[in-house]
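One chain comes next, on its own, written as structure tokens: the form predicted alone.
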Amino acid sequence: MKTRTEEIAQAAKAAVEAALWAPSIHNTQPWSFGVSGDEISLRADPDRKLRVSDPTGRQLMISCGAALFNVRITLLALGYEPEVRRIPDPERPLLLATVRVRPGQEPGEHVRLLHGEIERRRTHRSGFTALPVPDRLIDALVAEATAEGGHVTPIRSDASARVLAALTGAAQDVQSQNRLFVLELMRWARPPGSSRRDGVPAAGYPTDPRRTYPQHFAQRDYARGHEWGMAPDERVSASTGLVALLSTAGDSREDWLHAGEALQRMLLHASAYGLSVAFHTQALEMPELREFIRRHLCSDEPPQMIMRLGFVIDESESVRRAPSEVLE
């Protein structure tokens, strides 16, 4: 029979392994973990920060927040209570959170539902089928984000959706002319046959992204002119899907962590009901466009993510680093 110390160590290891499946910008996986006794520490990996498109580290923090939620939900699913401290030591900026493994209770159905989607969830990079997202599911996703301190706003107005699509396209065009942006993107684009376990693999996006309708949201050019990617699925209608914004009340490092936790909780719930999500961060990487969105489309809250939600038939592959690469 295992001792309590051994059981806690096993739970901590399972939580770290689950964290690796969190979404991250360009699948950079910008985190590392430490386990000491009953405490798990989450740290930012500065070598994986996007210094051109994410100089403040906002997107890095959101990515790490998503990983933190996976740690929390895994411990809950195993019958433990995670005791979380976010930004516990301002003098150690890379230490983003600590999680102590405390005695808990039998997990409820909702915890088990979310935990079961951790490895099944995938980021989508194309259009959706014409199936609409049910209002009841939209309401549930809004509630999931709210529970983590986030605010999801479904964009019901065609005019507002067109504005977001136009800003995304404008940012994409500007970035594609910036050599430093392009070089940074190239670092995280994986050619076919690559053995690396990070970045965006060639099987993770369509060879020829079809325009989405009624609004077209520009996609990242990971292929850079090469014939990489998946063949487009002709069964998919290339619908835009439901456009939504994720925002937070504040814009501090802790708010960014909460944004990642809210995002991941919402994504896992969406995945449980067959809903996929595509991200569009280009406009939020340009301060002047992000400020415009905050003032005119976000009820004056700082926007943290632009996304599209919808149903797909098949999903793309995903790659993750081994636990030994991230566990110190």
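These figures come from a predicted structure and were not determined experimentally. Quick note: we count residues from 1 along the sequence shown, nothing fancier.
Keep in mind that the form predicted together with a small molecule is not shown, yet the notes after this line are about it.
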Next item on the list: Could you tell me which stretch in 287-295, 56-64, 34-42, 268-276 has residues with non-hydrogen atoms within 4.5 Å of the small molecule in the model of the complex?
Entry: 56-64
Notebook entry, point to check: Does the small molecule come within 4.5 Å of any heavy atom of residue 123 in the model of the complex?
Noted result: yes
Check: Can any non-hydrogen atom of residue 210 be found within 4.5 angstroms of the small molecule in the model of the complex?
Finding: no
Notebook entry, point to check: Do residue 217 and the small molecule share at least one heavy atom pair within 4.5 Å in the model of the complex?
Noted result: no
Next item on the list: Would you check, heavy atoms only and a 4.5 Å threshold, whether residue 128 touches the small molecule in the model of the complex?
Entry: no
Next item on the list: Tell me, out of 171, 244, 101, 200, which residue has a non-hydrogen atom within 4.5 angstroms of the small molecule in the model of the complex.
Entry: 200
